[in-house]
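Here we start with a single chain on its own, the form predicted on its own, put down as structure tokens.
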């Protein structure tokens, strides 16, 4: 058996660029928001979901104390919205229409799906934190495809019906 070699951050990033992820925006009262590419289903009973936030985020420290937020899964037409929420500072909500969720967080009008959540736990995860969330309300549009991020760029699913 040979010794495992150390994986460098560059190698890890290069290979992970080949793993597609959905694109979501976490929003909270303020309004506050940040883009994430790691939203996952965790449990059906109870309904739990989660996402990862970089420790360098300047927005998450403002959302975390509120204890509630909405995760907006972006549809294939949401690239501009994702780019707006992926930057630090500025008016992320400029030109983005939204309404309040039942718990008071912004639901982006163009979202393919949304999840109204409260924080269950926040766990250290290397250079990120993992946010585990209790899901209280959720909804999905009747049609549309998700925005995907892969190979370092935004992608869309094929229009070909299966």
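Not measured: the values here are computed from a predicted model. Positions refer to the first chain, counted from 1.
One more form of this protein should be noted, the form predicted in complex with a small molecule, which is absent from this view; the next part is about it.
By the 4.5 Å heavy atom rule, the three marked residues 37, 87 and 149 all count as contacting the small molecule in the predicted complex. Proximity of residue 130 to the small molecule in the predicted complex falls outside the 4.5 Å heavy atom cutoff.
Although the partner is absent here, residue 93 sits far enough away that none of its heavy atoms falls within 4.5 Å of the small molecule in the predicted complex. Interface membership of residue 58, defined by any non-hydrogen atom within 4.5 Å of the small molecule in the predicted complex, is confirmed. With a 4.5 Å cutoff on heavy atoms, residue 52 counts as touching the small molecule in the predicted complex.
Of the candidate stretches 103-111, 29-37, 65-73, 116-124, only 29-37 has residues with heavy atoms within 4.5 Å of the small molecule in the predicted complex.
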